[in-house]
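Presented as structure tokens, the chain that follows is alone, the form predicted alone.
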Amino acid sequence: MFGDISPRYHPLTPETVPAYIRTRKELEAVFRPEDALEAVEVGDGNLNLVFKVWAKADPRRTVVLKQALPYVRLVGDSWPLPTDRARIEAQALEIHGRLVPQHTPRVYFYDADMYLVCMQNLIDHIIMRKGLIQGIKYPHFAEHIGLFMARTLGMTSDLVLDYRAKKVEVARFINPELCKITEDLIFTEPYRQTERNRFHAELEPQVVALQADTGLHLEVAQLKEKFMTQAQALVHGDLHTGSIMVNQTDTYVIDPEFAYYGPMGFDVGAVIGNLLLNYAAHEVRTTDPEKRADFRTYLTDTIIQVWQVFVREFQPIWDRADVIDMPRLYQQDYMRRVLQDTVGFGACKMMRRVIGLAGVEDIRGIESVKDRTTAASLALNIAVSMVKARHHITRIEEVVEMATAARPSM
């Protein structure tokens, strides 16, 4: 296994969680000594144990425990993984909670010996990916996530932090093993033959062509280099629609265990890329043409609004900038480069989710092989168009135009 494991560490189970909860004074305001507690393991991700815990007498008195395993849960103990990622997540949530408390779950405590974070159970919200698959619209999402990204990225960058504080933060969030997962699964493995890739045979001709496309490989290699070397801001690192909890009024961002100092566009691209994956999925998920067109218009409008809100909420950072060091033309160039990074990284996230190890339910959950192939093919075509055009993009509307013009190859 990776490194030294605390002698106190042991993976919890639904049976042992109640006794553990009773040892934590931080939860005395949530649970009473006489409470009978229930716990269930609900982790459907690739890495961790996740438990929901509640008082039987009042299920609204509840918390979530997220515990790191010393290996990749999706694969098993043949793929070791450092448990320090739980510290990374807890510290990232603390920063997010300070900058955007309205979009960050409350953290009750971090147990450094058990590599465990205890946080608010968002019982009135659902994972955004599940809602989008059902065709549910979230009218405030673009406003909320644009604000979240502008503050968490802008306020942790060199544009705000002084020279010493920034470098201390970069060191605190060194996250090499989880970054290596990203480097392999997003920027390397989808573009070569490897047993960890997961796509069905009907898509193979398109994947083979993609894996032989040297122009595409150049673009992806440039983006991989940027991911590995550009410590621009504290990025969430895994900001897809499965890491966002929503309802009709609220948006919360969860699961920042992949957080590290990297390029801003990686987070913004992850959001936009996942909206486009859902756009591709509704090519077949929504069979009624009018309903399909309406929901896809919601998705593309949301993509435009996310970027517009991000730019608007970033403006207070520019307003405090030194106009000699950072003149207006530099500021415009900076945001243009973030947009182009957003397009490229979003495309890579899309291709990875179609071809690579960890797919998304939007597409892989489609039962019909023919329909699944159609949606996957469309997603790949949108992504390839995006990554190849990224250097010339100056407006977010151009991404929407590429998506609406794309057609599946299969």
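Residue indices: 1-based, along the sequence shown. Just so it is clear, the structure is predicted and the values come from calculations on it, not from any experiment.
Form predicted in complex with a further copy of the same chain: not shown, discussed below.
Think of it this way: in the predicted bound form, a further copy of the same chain has a heavy atom of just one of Phe199, Tyr191, Tyr138, Tyr108 within 4.5 Å, and the residue is Tyr191. The partner is absent here, but in the predicted bound form a heavy atom of Val168, alone among Val168, Val208, Ala112, Ile126, sits within 4.5 Å of a further copy of the same chain.
Per the 4.5 Å heavy atom criterion, a further copy of the same chain in the predicted bound form is contacted by stretch 219-227, the sole one of 219-227, 266-274, 93-101, 293-301. Using a 4.5 Å cutoff between non-hydrogen atoms, Thr214 counts as a contact of a further copy of the same chain in the predicted bound form.
Taking non-hydrogen atoms only, Pro316 never approaches a further copy of the same chain to within 4.5 angstroms in the predicted bound form. a further copy of the same chain is not drawn, but in the predicted bound form it has a heavy atom within 4.5 Å of Gln232. For the chain shown alone, Arg320 is not a contact residue for a further copy of the same chain in the predicted bound form, no non-hydrogen atom being within 4.5 angstroms. In sequence order, Asp322, Ile324, Asp325, Pro327, Leu329, Tyr330, Asp333, Tyr334, Arg337 are the residues of 319-338 having a heavy atom within 4.5 Å of a further copy of the same chain in the predicted bound form; the partner itself is omitted from this view.
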